[in-house]
Each structure stands twice: as C-alpha cells, then as structure tokens.
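Take a look at this one chain, the form predicted alone, written out in structure tokens.
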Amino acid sequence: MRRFFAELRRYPSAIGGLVIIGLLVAMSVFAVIAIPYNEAIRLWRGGEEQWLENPRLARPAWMALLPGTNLTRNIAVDSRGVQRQEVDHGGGIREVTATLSFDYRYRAFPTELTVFFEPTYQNLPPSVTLFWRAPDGTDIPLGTRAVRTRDIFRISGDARLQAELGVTRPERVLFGDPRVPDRVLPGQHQLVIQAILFEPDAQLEARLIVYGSAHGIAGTDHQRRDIALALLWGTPIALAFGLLAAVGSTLSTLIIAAIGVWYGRWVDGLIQRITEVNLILPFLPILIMVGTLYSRSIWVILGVVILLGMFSGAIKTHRALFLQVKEAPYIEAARAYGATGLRVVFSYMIPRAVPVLIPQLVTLIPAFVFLEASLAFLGLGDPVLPTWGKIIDDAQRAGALFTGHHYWVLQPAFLLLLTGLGFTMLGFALDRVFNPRLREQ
C-alpha cells in the first residue's frame, strides 16, 4: 500500500481527484450528522409551511458580495421584549399597544412583508389594528382583523390593502419615499400593533418578517425551501447511488465473465447470448418504464440498474482477459493440487483482474451519479429524497432560467460536474498506476 500511494502521488490529477472526493465525502458526513435523515425528509417534503420565515426565490447570500448587486437580507422583529402600553377598560377588556421598530438601510425594496401572530385566549379572539409608521412620521393604516390561533397576516398579499393603496406591491408604498416613489426611504420604520384583549388572561405576541432578496448559502426555491438542504443531502445520496451501482454492476460482470470462461461450453455460450440480447435493449427507456409503471423508489431503480449492468459489454472485455489468465501456469498448478472450479475463479482468476477493475470502477461512479440525476430531471426520481436532479427538475418546472434565477440550476449542476471531474481524474491516474504500458508513456 505504501508503494501504491507513493506511485499515486506522482500524478497531480490523482491528488486533485482525491481532494475533490474528500470534499464531497466531508459534505456527506456533515449532512448526515447535522441534519438527520428523517428531519431532512420532513423539511423537504413539508413545503412552504415548514419554511414560512424564508423569502421566496431568494438568491444566495454570497451574491451580495458581487459588484453591482443590490440584494437585501431578512429582518425579523419580535414583540417579546418590546415595551408595551396597556390600558385597562374594565371587565377584563384591555387595550395593548406594541411598536415593532427596525432600521432599514438597504437601497432596494423588500420582497414581502408578513406578520405572524400567536394569540392566547379561551373564547374571544383578540382584535388587532395595524399601522405602518414611516421614518418621516407618516402613518399608513393596514386594517383591523380578529386574530385566531397562529394567524398570519401577509401584508404584501392582502387584496384589500392593495386596493386601498392602488398598488400590487404594498411594500413599495410603505418603504417608498413620497417625493420619489421608486426610491426607498431609509431610516427607522415601525409596525404599530393595537390589540384589544377581551379576556383577563388573554395575551398576544407578534413577529414581523421583512423578507429580503438573499438568504442562506444557496438561496431558496419557489416553496421557500433552503436549497442548501438538498445540495447537502444530495451529496451522500449521489455518492451512495453511484458507488453501489458501480460496485454491483462491475463485480457481477467480472464474476459472470470468469465463470463463463472457466466452465466454457454451454455456460459460456449462454452468457454470451444473454449479453448480446442485453446490449440491444434500450437502457434508459427501460428505467423510465419501471419508474412510470412500477416504482420510483431509488432502491428499485438501483436494483434495475445493477441487473441491467450485469450483462453489459464489459463481459466481452473481461472474457478476453480471463481466456489468457486461464492458460497461466499457476492456474494449471491450482488444478493439479485439486482446487475446485469456484476456488480457481474467486481465488486465482478474479484477483488477476483487479488492476483493470479498480480504474473502471472509479470512472463508472460519476456515470451512475449522472444517471440518477437524469432520471430525477425527467420526473422519475425518488419523490421522497432531496437530490441534485430533483433541484434541477423543480427549477425547470418553475422556469428558473427564464425568470433569472440561474443559481437554482447552476449550483446542483456545478456539484454534478465537480463529482464527474474528481472521479475521472482519480480514475485516469489509477489506470496509469495499474497499467505499466500507460505509465511508461
């Protein structure tokens, strides 16, 4: 092993490939530890209800560092800890006023405004009147409403408020400069909440979210989901699928080819005929048919991939190698001292093919990773798992490239290309290490 790694270090491509694969493995370990599987599935399948405090279609936060960008970040203001004015009207009826203040210094308008209410009452829900107070002292009424359990007031999507203000985006009026409507009025903005509580023990908490246009390390999608979750969890899923498919199909092909060569006659003939039939079968359409008519589970797809890969064209290549190995002197010696056929196959013939097997195995992994992503892009991926292909499929369905949300597609595509580059660089270097003819060139 020491000589092997010393030889491997001679090739910069091997070092680069190992670094990339190491980063992908580190991402996989971090994803599994930081976000348990059940929690990741719950968050990803929960849709918008699980991500209410995330902005919709927000770009990655690091894009704000690029020159010429004008991106805003989320601002959250909670009524807990805010001083309140309370007036007791008797009979258990109280009027409570809370002011949620924040300093807005961005040059761009926020994308949305939403207030989350958490009332506590027995029978009579609180009545809430909202005002928006601009930095110049102007008060804009937002309406009155009865607040029930965990109520949500979407200021930006309120039809009545849109009609009163005469705009489709109320935040442009609430944050706009009266003198220059298309310009943001910076300074301290306030949401004034006047609540009437009809019960002695009634309480009301509120949380204002001023949504920005940038969020998280990878941005968000049309359902407010953090794309970083799918990018992280897509890494172990992609690596596991690629590794299992490559190992399963390569080993099974190698064993079948060795058995066919050793036993010969009708066994070898049958294997060759099955291989020739399998070579003319359309691989991708069969997977599409299985995903459409039977199951889209990633484990079912993996099993079909390995089954179809068992009798691939590699059997022809391995057969040519084993025909030479079969005539080697040490094989004759093994037969002379009484070794059984299976012992010769597994202990003498297959180990001889390891120099061919390992580079081929490594270079096959990204091919199966791309296959899984392609099936997901076609809508045939596992509906439960967050994968790179599923991100691209969601982006394509939402028209991300046509609406300017290129990050949604480019990030998973970059990880797919990085995976292919890492394993290909390592595979080519291993091919030179194990193949003396290539090493001499």
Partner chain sequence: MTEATPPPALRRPASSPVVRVLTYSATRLFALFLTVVVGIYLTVLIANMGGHVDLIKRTEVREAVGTAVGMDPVMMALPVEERHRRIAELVAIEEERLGLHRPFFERSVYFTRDALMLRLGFAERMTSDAGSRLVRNIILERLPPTLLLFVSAQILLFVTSVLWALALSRGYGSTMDRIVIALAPTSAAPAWFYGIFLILIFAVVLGVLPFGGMVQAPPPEHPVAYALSVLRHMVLPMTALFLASIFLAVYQWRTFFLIFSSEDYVEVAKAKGLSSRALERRYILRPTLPTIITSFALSMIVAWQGAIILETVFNWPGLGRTLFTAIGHFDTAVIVGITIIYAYLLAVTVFLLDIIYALVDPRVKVGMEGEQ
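All figures in this text were calculated on a predicted structure; none of them were measured in a lab. Positions refer to the first chain, counted from 1.
From this point on, the text means the form predicted together with the partner chain, which you will not see here.
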*Segment that reaches the partner chain in the predicted bound form - one of 46-54, 375-383, 25-33, 64-72, heavy atoms within 4.5 Å*: 375-383
_Contact label in the predicted bound form: Phe117 to the partner chain, heavy atom within 4.5 Å_ = no
_Non-hydrogen atom contact Tyr106 with the partner chain in the predicted bound form at 4.5 angstroms_ = no
*Hey, in the predicted bound form, is Ile41 touching the partner chain, heavy atoms inside 4.5 Å?*
no
*Answer with yes or no whether Pro366 is in contact with the partner chain in the predicted bound form, where contact means some heavy atom within 4.5 Å.*
yes
*Would you mind picking the one in Met289, Leu124, Leu165, Leu100 that has a heavy atom within 4.5 Å of the partner chain in the predicted bound form?*
Met289
*Find the only residue in Arg265, Arg150, His89, Arg179 having a heavy atom within 4.5 Å of the partner chain in the predicted bound form.*
Arg265
_Would all three of Leu244, Ala258 and Glu332 be in contact with the partner chain in the predicted bound form, where contact means some heavy atom lies within 4.5 Å?_
no
*Members of 415-431 lying within 4.5 angstroms of the partner chain, judged by heavy atom, in the predicted bound form*: Leu416, Leu417, Gly420, Leu421, Thr424, Met425, Phe428
